[in-house]
Structures are given as structure tokens and as C-alpha cells.
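Just one chain follows, in the form predicted alone, and it is written as C-alpha cells.
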Amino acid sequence: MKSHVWRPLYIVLGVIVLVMLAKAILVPKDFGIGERGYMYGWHRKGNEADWKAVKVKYKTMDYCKECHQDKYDDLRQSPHAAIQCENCHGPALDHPDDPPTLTIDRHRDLCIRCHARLPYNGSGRGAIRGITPETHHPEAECVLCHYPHNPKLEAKR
């Protein structure tokens, strides 16, 4: 055979050998191995302890419900029922041990990110009741008139 056939073949074989060598060096031995043989995904038995040591940043509504049952009940009966508490309040990491870590943000921007009127109705977001932020009381915080946990109720003062 001519060299123009062998040269590309040598290059392909060289790339294959390099990939196999890189895999042998870089990929952990227990990667993809489960109790019943090979498994798909990124789970490794060898680093389970590492993941158990990671501090969970976000909790669920059930975590908040333990201390804030009244807010939870209001939220469950409102159009905001699908929104997790941390979407507005931030991660519950270290709360309640370190109360300042959980913010109570009353800025308009928080509400406007969902409630600014969209000029089109092509998505589910377009169906959310919206305002024009520049003309709808731009000097006031939304919570002065609206109760964020249940917008159907008047603002609690």
C-alpha cells in the first residue's frame, strides 16, 4: 500500500491510543461502576462521603413550614403556590441558626421580574398578570399594597 493510506491510519491509531491513555490516567477506577455492574450517570461510590459533607444550600417549603406555618398556609392558597420560598428569600443555608443569612427583600425588582407586563402572550410567563413598572407606582415598594405570600389578600401591616 502507498504511504498516503498508511499515514492517516497511523494518525487515527495514535489518537485512539492517546484517548485510551488519557482515560486510564484521568478517569477514576470506580467511575460508572454500581452494585449491579456498569451504570450510567456521574455517580461514584468512591466520593459519596465527599458529597455527604457538602452543606445543603437550598431547602424546601417543608423546611420553612416548621417555623412559618402561617406564611406557608397563605402561600399554599395563593397564585404563588408553585413558587418556593427561597426564590424570593434566597437560600436557607444556616437559617435559623444565623437569621441574617436569610434576606427579606422588599425591592420592586423582585416582583417585577415576573410581573412586568410582556408585549406578547407566547409563553406561560405572558399569562401572568403584569404591570407597567414605569407607571405603576414607581416610587413605592410592592409590599406596601400587596401581600406577597397571597396576592389575593390585602397587605399585612
Partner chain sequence: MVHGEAWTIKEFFCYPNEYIYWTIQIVMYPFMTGLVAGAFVLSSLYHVFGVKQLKEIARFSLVFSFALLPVAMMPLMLHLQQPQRGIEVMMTPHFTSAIAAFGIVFTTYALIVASEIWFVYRAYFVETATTLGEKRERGLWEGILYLIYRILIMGAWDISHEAREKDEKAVKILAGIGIPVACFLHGYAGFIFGSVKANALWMTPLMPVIFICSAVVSGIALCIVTYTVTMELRKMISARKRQQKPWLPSTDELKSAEVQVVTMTSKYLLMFLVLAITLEILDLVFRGYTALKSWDILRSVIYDKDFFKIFVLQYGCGNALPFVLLLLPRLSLKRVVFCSLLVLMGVFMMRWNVVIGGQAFSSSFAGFMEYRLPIWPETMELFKEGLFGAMFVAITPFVLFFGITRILPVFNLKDSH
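Positions refer to the first chain, counted from 1. Every value quoted in this text rests on a predicted model; they were computed, and no experiment measured them. Under this definition, the rigid core comprises the largest set of C-alpha atoms superposing within 1.5 Å between the forms.
Note that the form predicted together with the partner chain isn't included here; everything after this is about it.
- Under a 4.5 angstroms non-hydrogen atom cutoff, the partner chain in the model of the complex lacks residue 137 among its neighbouring residues.
- Remark: residue 27 counts among the residues lining the partner chain in the model of the complex, judged by a heavy atom distance of 4.5 Å or less.
- The shortest heavy atom separation between residue 152 and the partner chain in the model of the complex exceeds 4.5 Å.
- When the partner chain is considered in the model of the complex, residue 144 lies well away from it, no heavy atom lying within 4.5 Å.
- Site residues 95, 101 and 104 are none of them in contact with the partner chain in the model of the complex, judged by any heavy atom within 4.5 Å.
- Interface residues of 19 to 37, taken as those with a heavy atom within 4.5 Å of the partner chain in the model of the complex (partner not displayed): 19, 22, 23, 26, 27, 31, in sequence order.
- With the core held fixed between this form and the one not shown, residue 132 has its Cα displaced by under 2 Å.
- Taking the rigid core as fixed, one finds a CA shift for residue 145 smaller than 2 Å between this form and the one not shown.
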